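A lone chain, given as C-alpha cells: the form predicted alone.
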C-alpha cells in the first residue's frame, strides 16, 4: 500500500507522464485510452494535476480557471473536472489528498472560489465543498410553443460575431446567480458539443443585437430530431438607453422561441440546461415544459477575504457581518472576519465580534444564496444571534443560483 504522505503532487509535463495518467482517466470513466488522452489535451495539460506513487500516477484531475457570477460581479473561480483515481489506490484517501493539494495551490494563487459537479458528495464535503446551486434539464415540445414573434432579423453566427455573442452572454450572466464566466475552453464546448457542431443564429433589430442561440439537431429513432441547445441569451435590451435598443428582453425571448418552433414539422423537443428559474419557461403561456434535476453543484470558498470582497451585494443594504469560520483543510480561512458592505461592495478585514459561527461549507451555501442563514441555522450549520442571521439573509439574497455549463 502506497503511503499517502509519500505521494508527490505535480503537473505532468511530458508524454511519459501524461500517457500513463490517460490510462487512469480511461479506467475511471470507462473511456478508450485515446479518448481520455484527447480529453486531457483539450483541457490543456498545464491544467492537469496528479499524484504520483512509486513513479506511477495514482490519481489526477483537471482544473478549469474561469469566473462565476454572484451579485452582478464575476468572482475568480477554478472548476474541478474529471477527478480520477487508479483502481488500486481507491478507498484509501487518495482522492481527498489530491483535492487538498489542489486547493492549497489555488489558495496560494489567490483564487477565490472553486466549483464542481460531485460524483460523490461525501468526499467533497470533507474537502470543504457544499451544495450551492442547481442544474436542471429543461424539455419543451416544439408544438407547444404558440408564439409568432417575427420582428427580428435572423442570420447565422459567424466569426465576426464572437465578441457580440460573448457580450450578450455576459449581460445575461451578470443578472443571474451562479452562471459561469467562461474561458476559451468552455466557449469551444458551446460551439463543439458532444453531439456535434452547433448551429448558431443571432437575432437583431435595426442593427442592434438582441440575442442568440446555439443548438444541435439530434436525430431520433423515428427520424425526427430534438434541438439540443448549448447556449442562448436574450439580453441585448439590457442597458437599452446606452445601446439604443427599441425592444425588450421579453420580445427577444419570444423571438428565440419562435425560431425554435419553426422546426416543429419534424422537430420534437427543445432541450437545454438551466437553473430553477428560466426566461424561456416564463414566456410560455402554459406550463408544458418539463424540468428534471440534473445536479446540485458544489462550491468551495478557497480564499475567504477574496471571495467575500469580490462578489456584489444588494445596493440598498449597508452594514457589517461578523463571522467566525471553521476550516480544517485551509486554516488560513479560519477565525474571525468582518465583512463591511456599502453601496453593493464588500470589504473584508480580520477580527471582529465573531457573532455568526459556521463552517466553511455552510458559508459557501450562504454565499451563493442556495441556503439562507435562517435555513442553515435551523439545520444546525450556523450559530448566531437573530440580528446577525437577519443581516446575513439580506446580504446574500438574490436570484436562485443555477448553472447551465457542465465541466
Ligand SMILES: CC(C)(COP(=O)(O)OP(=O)(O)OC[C@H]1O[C@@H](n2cnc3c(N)ncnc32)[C@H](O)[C@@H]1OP(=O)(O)O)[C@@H](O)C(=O)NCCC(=O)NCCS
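These numbers come from a predicted model, not from an experiment. Residue numbers count along the first chain shown, from 1.
One more form of this protein, predicted together with this ligand, exists but is not displayed; see below.
- The stretch from 225 to 233, 190 to 198, 85 to 93, 302 to 310 that comes within 4.5 Å of this ligand in the predicted bound form, counting heavy atoms only, is 85 to 93.
- The closest heavy atom approach of residue 120 to this ligand in the predicted bound form falls within 4.5 Å.
- Although the partner is absent here, residue 171 lies well away from this ligand in the predicted bound form, with no heavy atom inside 4.5 Å.
- When this ligand is considered in the predicted bound form, residue 126 lines it closely, a heavy atom lying within 4.5 Å.
- In the predicted bound form, no heavy atom of residue 45 sits within 4.5 Å of this ligand.
- Listed residues 40, 348, 28, 52 were compared with this ligand in the predicted bound form; 28 is the one with a heavy atom within 4.5 Å.
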